[in-house]
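Only one chain comes next, encoded as structure tokens, the form predicted alone.
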């Protein structure tokens, strides 16, 4: 993610001639000196350091982008806010709901502009989906289905990276990928008021990584030393929305088949829509007219330059854009917020909305019943 944001800020001037400012990559902080030096050589940073405090306190730095393991987010974000720097943090801001709440309060007290990496909000067809819902094209929303299925943890020989350890990641898929699915749900369909769910860890031991080498996509060898997985591989729930609709959500990193299926389905009294990251430049749309409920079926809508931001990357219809293009759109919008002095959405307040739901979900894992969503915001 650090590399993705670095590339994205570098690309903004090439793609958006009406940008509000030109970003400058001042300093990269990485715990491995070699990676920091590579950031200077290949990504265009002016300098690098192994000391995060030096980067945060650098006089030329206006914005700190935090892309470290989840459980380090609190320390870095609080330090950045305390130094008066605007803060963009990868989701879900904290590895636990309590951490996110403390980070949100620190940033709010400091009055800095925050952003959080819910980048799927910025897919052109997701923006179009929101427009359809807000215009009432789907009628009254009755059902919502959201999921994020990924195979990154399906291999038992996949390395025990920080994502599989509570000390490094906090919670597992409920923080890592379910947060994306439920953030989109709340953006499209409003607040969630009540949840009931469960969690499971299917692969309990993984090969130990070598320090400074490999990611959660790499694998060890049979017979390598192993360590315990200490957070969940799967999380799912039913949910009630404030508007009266019903939702269900699933997330898994150990499932076999779906490779990066961040998907949603929204059903209303007049129509429905379906979108899937794996085919992010397509959306299924079913709309009835007032006099005909015998529609012929779903229509496939292809992304193109008639939808927001798409034309900055490629002209015409059905010419695809990709994952990192969403990061560029995300970083452009955050840059615009910082330059204008307005709070960005999604920011830490929206991160707090999700972890409030996550907190209720975690309680339901123990109670086995429905749990009310209560804000974890610290006054």
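Bear in mind the structure is a predicted one, so any value in this text is a computation, not a measurement. Residue numbers count along the first chain shown, from 1.
As for the form predicted in complex with a small molecule, it is not shown, yet the points below apply to it.
Put simply, of 203, 83, 127, 72 only one has a heavy atom within 4.5 Å of the small molecule in the predicted bound form, and it is 72. Contact with the small molecule in the predicted bound form, judged as any non-hydrogen atom within 4.5 angstroms, is confined among 342-350, 308-316, 39-47, 24-32 to 24-32. Although the partner is absent here, residue 163 is a contact residue: one of its heavy atoms lies within 4.5 angstroms of the small molecule in the predicted bound form. Contact annotation for residue 67: at least one heavy atom lies within 4.5 Å of the small molecule in the predicted bound form. The small molecule in the predicted bound form is not approached by residue 196, whose heavy atoms all lie more than 4.5 angstroms from it. Mapping the unseen interface onto this chain, residue 120 counts among the residues with a heavy atom inside 4.5 Å of the small molecule in the predicted bound form.
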